[in-house]
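Next comes just one chain, in structure tokens: the form predicted alone.
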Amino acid sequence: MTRSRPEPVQVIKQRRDMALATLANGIPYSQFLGIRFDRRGDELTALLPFDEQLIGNPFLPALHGGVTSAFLEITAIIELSWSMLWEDMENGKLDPGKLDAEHLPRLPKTIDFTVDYLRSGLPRDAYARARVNRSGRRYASVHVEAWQDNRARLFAQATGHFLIPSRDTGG
């Protein structure tokens, strides 16, 4: 019996990056804010590029609290969705090349989301990373941390609880 030749690693990486971009672009507000995701293996870091329109208080100046909250919530939703997709890709249940805008999985629904504003968000790029604390068949808990220049100096953090969409039916 002969095995088929495995695909080059770069092809697999490109497909996974395209799948992630498709997933992230499935949230229109994410596109409006310009949020991007950097993938290293199964770990994601969200980037909110600075834009003058994101300033809420021009006298400080500081990022708008709603923008900060949305950035954290989008990061949590994408991390949770990506962790489920990643599992399916690793198990061979999903070909990342077949994930497109018309065949996106349903996104988790927010049950509650609590944000801690630790300091003012400065007028510069912001980064966030989420961690899925618990994920069951119906419910998940996610913690998110956001920083700017120094990962040890968070400017906001959040904890959210999400309703997981059924994996049996498509979106």
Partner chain sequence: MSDPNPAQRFIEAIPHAKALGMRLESIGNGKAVMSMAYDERFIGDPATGVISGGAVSALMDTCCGAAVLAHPESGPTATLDLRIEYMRAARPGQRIFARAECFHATRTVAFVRAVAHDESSHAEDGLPVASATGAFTLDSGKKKPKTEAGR
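Numbering follows the first chain given and starts at 1. Since we're looking at a predicted model, the values are computed, not measured.
Not on display, but discussed next: the form predicted together with its partner chain.
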To test your reading of this chain, name the stretch in 52-60, 122-130, 137-145, 39-47 whose heavy atoms come within 4.5 Å of its partner chain in the model of the complex. 52-60
Just to confirm, I35 within 4.5 Å of its partner chain in the model of the complex by heavy atoms? no
Across 14-39, which residues bring a heavy atom to within 4.5 Å of its partner chain in the model of the complex? G26, I27, P28, Y29, F32, L33
